[in-house]
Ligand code: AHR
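Below you'll find only one chain, the form predicted on its own, shown as structure tokens.
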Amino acid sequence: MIRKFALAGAALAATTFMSGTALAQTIGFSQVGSEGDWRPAFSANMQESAKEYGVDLKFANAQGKQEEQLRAVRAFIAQGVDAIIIAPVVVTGWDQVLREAKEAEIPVFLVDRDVDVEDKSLYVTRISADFNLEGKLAGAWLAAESLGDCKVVELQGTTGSAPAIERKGGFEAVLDQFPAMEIVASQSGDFTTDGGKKVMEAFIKSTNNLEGICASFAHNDNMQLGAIQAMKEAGLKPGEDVLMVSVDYVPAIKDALDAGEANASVELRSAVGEFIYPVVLDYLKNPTELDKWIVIPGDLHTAD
């Protein structure tokens, strides 16, 4: 089952926790890394919100390496934290360390990204946006804007990560409904501006300066910003010669939308501490079974 975690509920919970009625809890948070603009904003919000909720947060940056995350989670277990929050680098390889946390009776919460484990009881719940829906929103906007006739180049996120898998799946699900829409080239830019620039440079060369290409779909804004830079250096006009749609809605993409160099971005909220901490703290006070996915809402933004 999936449920929406109402903002009003989060605000009420925040009032309760900040009033001092809850005891301070120690929580370990293993973050993916600091790629792009969205991830650092997410980390900063989690750290700032921890103070507001009276949480003693142990923060660990994995720098995009799963082995660093596994090491951090085991360190949290050894420290005897009250709960562990993980934003997983990739979806696989989590069974053993999650079993170790369960044996230590430390509840684990997934945020932002998902994991692929056979035993779902190894974690309490996932609190995140719907990446598949983000891909569908991007695809639906593009289908409407191109009247269902569009050849697309795709800048994928980190290979094996939940956002890359699910955004691609949602986007393709829409394109499959339109015979004249297809992805003609797809490559990972690892969610970075530099990676996006290099991928677009390769696309420009392989497609004769994007000849016949209708749109660029990027799994995050930073890759799209790199793509915009590569296109401009090649004498192309992003947003005019090629439609530009991506995910995150970071400040720099807002500027690109205003400048007409981007056309649409699906928002992935970075200020999500108000959604996450109430769930975790409520569970620590009253450990009852939760839905396995609590969805954080997002919106589609266009240049209009």
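Worth saying up front: this structure is predicted, and the values here are computed from it rather than measured. When you see a residue number, it is the position in the sequence shown, counting from 1.
Separately, the form predicted together with the named molecule exists; it is not shown, and the next lines address it.
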| query | finding |
| --- | --- |
| Contact assignment for the named molecule in the model of the complex, among Phe76, Phe109, Phe171, Phe131, heavy atom within 4.5 Å | Phe131 |
| Option touching the named molecule, based on a heavy atom within 4.5 Å in the model of the complex, out of Leu268, Ala62, Ala256, Val242 | Leu268 |
| Stretch in contact in the model of the complex with the named molecule, which is absent here, among 112-120, 138-146, 200-208, 91-99 (heavy atoms within 4.5 Å) | 112-120 |
| Phe191 within 4.5 Å of the named molecule in the model of the complex, heavy atoms | yes |
| Partner contact for Pro163 in the model of the complex: the named molecule, 4.5 angstroms, heavy atom | yes |
| Contact flag, Glu261 vs the named molecule in the model of the complex, heavy atom cut 4.5 Å | no |
| Contact test in the model of the complex: Glu35 vs the named molecule, heavy atoms, 4.5 Å | yes |
| Contacts with the named molecule in the model of the complex - residues in 235-252 whose heavy atoms fall within 4.5 Å | Asp248 |
